[in-house]
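Next comes just one chain, in structure tokens: the form predicted alone.
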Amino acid sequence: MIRSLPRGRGYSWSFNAFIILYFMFLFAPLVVTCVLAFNNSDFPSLPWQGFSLDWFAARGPERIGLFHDDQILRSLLTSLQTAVCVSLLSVAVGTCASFLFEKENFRFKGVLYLLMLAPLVIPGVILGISLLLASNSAGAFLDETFGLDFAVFRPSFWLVVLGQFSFITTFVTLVVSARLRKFDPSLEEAALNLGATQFGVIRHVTLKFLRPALIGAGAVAFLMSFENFNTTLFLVGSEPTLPVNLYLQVRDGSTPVINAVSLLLVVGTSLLALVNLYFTKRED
């Protein structure tokens, strides 16, 4: 509809109703989940039994709050360590890949680019199973042939890192490439003419221009790694990440501690998104 034309009452009513229903559908489950974190009930569901902070601060023995639940805190630490490793690796490799695709011309470039995009269309479950089978096969071959035993080929922390890195790098490459396409090559030529080295040009000119994309891609990679479940479930070892740990608790019967964790995750990811938006706008 052309904005300059007058809107009918039916159109305006349906438009406003759609907006309200759309955001209710998105945020109502989150609001209910967060509110139930303060419910004085032994079950993470309605009805409301009164306000309580037990699911955050209780020390036991009847109730154990989030801040005293060693299992959840360990899985939270594992998720943070995994997300940091994956985001650093993905930003480093994804930036190099964006330089490769945007600045270089070589044979089979289009084919290689399509292969780079393949993880985007492969379901996470299939990717996790494939990585698990491949790593187990490689580990068994090295053990039987050379007598070498590498922990990375077994379900473990580093296998989770490699599994998440295999597809998150693609997102980083696309984000950095989109920014790199806007870069003016004449800036590099001017720096070289003024006596700068090739490394100095990349460091002080190109990477400085790419800084907003690098920050944004790093934040996206961190969040994607932190919340990943499908792929991680098949690669995790004795140290489960937070999403896997929450899944196991819900499957076996959970308490409102799950709601408390969900509330902190919503607040934490929202703050990270706002910080990323602030720095991105500031750099632009």
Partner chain sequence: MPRSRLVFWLFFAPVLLWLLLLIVLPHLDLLTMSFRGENDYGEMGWTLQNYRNFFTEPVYWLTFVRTALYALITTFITFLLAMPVAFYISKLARSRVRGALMILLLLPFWVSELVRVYGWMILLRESGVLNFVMLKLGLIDKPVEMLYNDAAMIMGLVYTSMLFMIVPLVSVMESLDDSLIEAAHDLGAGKIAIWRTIILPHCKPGITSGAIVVFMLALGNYLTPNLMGGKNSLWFTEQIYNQFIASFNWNQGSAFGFLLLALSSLIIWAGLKLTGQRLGEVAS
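Positions refer to the first chain, counted from 1. As the structure is a computational prediction, the values presented were derived from the model and not from experiment.
Only in words, not in the display: the form predicted together with the partner chain, which the text now covers.
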Residues 40, 88 and 157 are flagged as a possible site; in the predicted complex, is every one of them within 4.5 Å of the partner chain by some non-hydrogen atom? no
Given that the partner is absent here, does residue 149 sit within 4.5 Å of the partner chain in the predicted complex, heavy atoms only? no
Residue contact check: residue 134 to the partner chain in the predicted complex, 4.5 Å heavy atom: yes
Is residue 170 one of the residues lying within 4.5 Å of the partner chain in the predicted complex, judged by heavy atom distances? yes
Is there a non-hydrogen atom of residue 210 within 4.5 angstroms of a non-hydrogen atom of the partner chain in the predicted complex? no
Of the residues 73, 125, 80, 196, which one places a heavy atom within 4.5 Å of the partner chain in the predicted complex? 125
Contact check, 230-263 vs the partner chain in the predicted complex, heavy atom within 4.5 Å, ordered by sequence, gives 230, 233, 234, 243, 246, 247, 250, 251, 254, 255, 258, 259, 262
